[in-house]
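Next up is one chain by itself, shown in structure tokens, the form predicted alone.
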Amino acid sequence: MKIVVIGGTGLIGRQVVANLRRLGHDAIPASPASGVNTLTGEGLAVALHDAEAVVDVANSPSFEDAAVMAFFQTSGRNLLQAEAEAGVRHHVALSVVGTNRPHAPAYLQAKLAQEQLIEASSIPYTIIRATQFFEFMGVIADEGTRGDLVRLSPAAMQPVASRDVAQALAEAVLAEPMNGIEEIAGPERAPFAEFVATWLGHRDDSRRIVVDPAAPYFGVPITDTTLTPGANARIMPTRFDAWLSASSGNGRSE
């Protein structure tokens, strides 16, 4: 099966491509570097020719509020239109747990807009909402750092390994379209401070955690329910300590 992976050279995309190729599928990574640009539409028709399915894991190059909304709306419209013209039979998209929660951060609002475009299209679809990746602990720590202190909300999180997200996406695109949404999360739920403190300790990072109920998450106040999955979420297997032991420990997305 020919499957085009939009954003196929990033952290999640390249793992999805590798998983599908191991199973014998013709998985094609598509990104601006390969001449496929969902914002402008450049290269989409050629890339999608004879494709049976698409996995969209592309991300906005800017996280400024207006820019991220423009990216997911424009990219979503262009991609779905090109898929309809190419006869694609299954659209799989990676989204984020919490997009449908009140007062969601701007990034999650933009992902919700993307989801709504998918749901309104004529193409059978599956949306996978994932929690934060283990690989983002360093970014979360840096965002909360002031001097040698890391101020973090006491709110809960339930992060997941990127490899588990890639596995879920590969399984989804090979299955029948759900025409619905599945949430996935890691097996452990704890406050932000616990995960980040463990990450810092693994790196011998001397920064000190301060738990602050007023500390925002990328500028937005959060609670225990903002970024954690619902009761019916699929729980993925990789534990945080096992990921730390197996990873390079750089803690950043690529």
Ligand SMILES: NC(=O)c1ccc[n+]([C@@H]2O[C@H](COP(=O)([O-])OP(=O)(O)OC[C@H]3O[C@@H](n4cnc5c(N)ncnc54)[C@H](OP(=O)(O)O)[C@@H]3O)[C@@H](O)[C@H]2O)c1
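One-based numbering along the sequence shown. As the structure is a prediction and not an experimental result, all values here were calculated from the model.
One more form of this protein exists, namely the form predicted in complex with the named molecule; it is left out here, but the text below deals with it.
Proximity of Y107 to the named molecule in the predicted complex falls within the 4.5 Å heavy atom cutoff. The named molecule is not shown here, and in the predicted complex it never comes within 4.5 Å of any heavy atom of A197. P61 belongs to the set of residues with a heavy atom inside 4.5 Å of the named molecule in the predicted complex. Residue contact with the named molecule in the predicted complex: T223 places no heavy atom within 4.5 Å of it.
Across the proposed site, A161, F192 and I235 without exception lack any heavy atom within 4.5 Å of the named molecule in the predicted complex. None of 81 to 89, 170 to 178, 148 to 156, 129 to 137 except one has non-hydrogen atoms within 4.5 angstroms of the named molecule in the predicted complex; the exception is 129 to 137. The partner is absent here; in the predicted complex, the one residue of A66, A33, A45, V210 having a heavy atom within 4.5 Å of the named molecule is A33. Although the named molecule is not shown here, in the predicted complex the stretch 69 to 104 places heavy atoms of F71, F72, L94, S95, V96 within 4.5 Å of it, in sequence order.
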